[in-house]
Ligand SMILES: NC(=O)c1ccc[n+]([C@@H]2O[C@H](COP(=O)([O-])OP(=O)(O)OC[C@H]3O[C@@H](n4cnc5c(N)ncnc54)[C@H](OP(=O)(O)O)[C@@H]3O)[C@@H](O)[C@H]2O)c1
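Form predicted on its own, single chain, as structure tokens, below.
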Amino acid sequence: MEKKRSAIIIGATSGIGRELARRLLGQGWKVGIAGRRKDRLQEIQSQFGADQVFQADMDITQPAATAALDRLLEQTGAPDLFLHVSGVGYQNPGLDEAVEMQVIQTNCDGMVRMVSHFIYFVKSSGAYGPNHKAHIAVVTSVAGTAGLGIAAAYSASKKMQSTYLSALSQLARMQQLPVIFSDIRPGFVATEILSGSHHYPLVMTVEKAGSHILRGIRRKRRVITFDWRFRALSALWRIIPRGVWERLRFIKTRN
């Protein structure tokens, strides 16, 4: 009998994380879900059953999150897939300090805390090897391609995440760790991050984003950018000279 595949999703209470949890559970995966809103975790567990869904409420900005992750790993065992989706993002042209720091603490500190702790688990568990590698996938953003003035901390945090994954991929090869990485770079997806009065172009549904992500994960793609419009846009952004880029205005602001 084929072993049931398993995953852990950090940030499964809403948006892309919730969609991916539902997709994998619907395909028969055993899934550990984590996030700050315990009621939403319990809702998913009630729908699919406690024998298939394991939950842990955690705040990834706090050191105690690693202990919560350990408890979740005890229940799921060594997962085939570790998905880090948790993150926040805001337009903050006024550079409100509390907002900027919340973004950095969540997207940078929290991501490093979770991913590095899971890599430590991989190295110490003995459950992984050349024929069973852990797949670590992190949802970053095309916003990390170049700095967006209306969301400075968010753009910088996503660039940091992508750079961190690149460095970890190199380190894994140096140390021959049984780990592979995927950097998931969506464009604008209709999640809570985009809620508010601002208008965003080329917005896609969470369902469509989930299909792109799972297709890329199945193919073990190192970078997953979707869709083709954002692949083209990010390629264009990379070749725009810095002096030109810094004079561009994407969205008018009052601040």
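Note that the structure is a prediction, hence the values are computed from the model and not measured. In this text, residue numbers run from 1 along the sequence as written.
There is another form of this protein, the form predicted in complex with the named molecule, and it is not shown here; the text below is about that form.
Trainee: Thinking of 31, 79 and 132 as the candidate spot, does the named molecule come within 4.5 Å of a heavy atom on all of them in the predicted bound form?
Mentor: No, the candidate spot makes no contact with the named molecule.
Trainee: Can you tell me which of 71-79, 119-127, 179-187, 163-171 lies within 4.5 Å of the named molecule in the predicted bound form, counting heavy atoms only?
Mentor: Selected range: 179-187.
Trainee: Mark residue 85 yes when one of its heavy atoms lies within 4.5 Å of a heavy atom of the named molecule in the predicted bound form, and no otherwise.
Mentor: So residue 85 counts as contacting the named molecule.
Trainee: Taking heavy atoms and a 4.5 Å cut-off, does residue 12 contact the named molecule in the predicted bound form?
Mentor: Yes, contact at 4.5 Å.
Trainee: Flag residue 61 as yes or no: does it have a non-hydrogen atom within 4.5 angstroms of any non-hydrogen atom of the named molecule in the predicted bound form?
Mentor: Answer yes; at least one heavy atom of residue 61 falls within 4.5 Å of the named molecule in the predicted bound form.
Trainee: Give a yes/no on whether residue 222 approaches the named molecule to within 4.5 Å in the predicted bound form, heavy atoms considered.
Mentor: Taking the distances in the predicted bound form, the answer for residue 222 is no, it never comes within 4.5 Å of the named molecule.
Trainee: Pick out the residues of 20-54 whose heavy atoms come within 4.5 Å of the named molecule in the predicted bound form.
Mentor: Contacting residues: 35, 36, 37.
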